[in-house]
Ligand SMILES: NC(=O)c1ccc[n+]([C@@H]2O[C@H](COP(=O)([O-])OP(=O)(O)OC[C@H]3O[C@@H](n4cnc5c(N)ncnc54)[C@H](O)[C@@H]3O)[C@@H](O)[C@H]2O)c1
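Presented as structure tokens, the chain that follows is alone, the form predicted alone.
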Amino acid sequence: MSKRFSGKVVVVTGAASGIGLCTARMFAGEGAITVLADLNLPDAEKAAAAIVGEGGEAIAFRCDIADETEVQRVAQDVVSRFGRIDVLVNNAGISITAVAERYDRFAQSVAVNLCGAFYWSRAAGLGSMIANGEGAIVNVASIAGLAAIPGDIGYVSAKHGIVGLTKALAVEWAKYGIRVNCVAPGITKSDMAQAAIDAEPVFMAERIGRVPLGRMGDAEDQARAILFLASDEAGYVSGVTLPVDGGQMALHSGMPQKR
């Protein structure tokens, strides 16, 4: 494996499981000092210990990304320990499903899915990246940030906001040498996806069948895209939202494919 991130300090939020954990492991495998920030500290510590057991460098922090004061504290702790933050991956998020007329947790969804990414970006920027004149931020949105999905108006709104945040920061912070990009995953294997399959197997089979590449994504599919956007290989890429969705957004009409 290459060592594109040798010696780099990388913060991944929501890193105790799923895409975040896979991303943290890949960064560590490529030489990064990887910080796993998650609300679930026991699982984050287990994940960090596993990475260390595989020969990587990792440390876990508890962080409620919707709490701006806590984000600032954790970011300051990371910088005090390691001297800088080179890469930030804003991955943490939640999904709260309900029809719009009965959606009563909108503020919570936006606080976690959108505000947390801004809080962490600003903390990393002010605490390290701006002064150092370099850095890479990769936000994790969703194809729900590119087109609406029914029954989750808070998530859809917040993820559209992540796309806007990516563009705004990319423009404002280019003068500091900071690149800001975004990955928009399509349906990806996870505990949440499996729960949906178990609850609605016919519906989910149809949904997966409409993916042009014919399968759900893996966490590894998303992590590889995140690492690319964070790497020097994407040194002239900024302000971009990359769908990693098996071609779902290209099927814009919603018309069933002919097999």
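From 1 onward, residues are counted along the sequence shown. On a predicted model such as this, the values are computed, not experimentally measured, just so you know.
Absent from the display: the form predicted together with the named molecule. The rest refers to it.
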In the predicted complex, the residue from 58, 65, 223, 229 that sits within 4.5 Å of the named molecule by heavy atoms: 65
Residue (of 198, 54, 191, 206) lying close to the named molecule in the predicted complex, criterion heavy atoms within 4.5 Å: 191
Partner-proximal stretch of 98-106, 164-172, 151-159, 76-84 relative to the named molecule in the predicted complex, 4.5 angstroms, heavy atom: 151-159
In the predicted complex, residue 234 touching the named molecule (heavy atom, 4.5 Å): no
Close approach of residue 140 to the named molecule in the predicted complex, 4.5 Å, heavy atom: yes
Distance check, residue 39 to the named molecule in the predicted complex, heavy atom within 4.5 Å: yes
Touches the named molecule in the predicted complex: residue 125 (any heavy atom, 4.5 Å): no
All of 92, 112 and 187 with a heavy atom within 4.5 Å of the named molecule in the predicted complex: yes
Stretch 6-26: residues contacting the named molecule in the predicted complex, 4.5 Å heavy atom cut-off: 14, 16, 17, 18, 19, 20
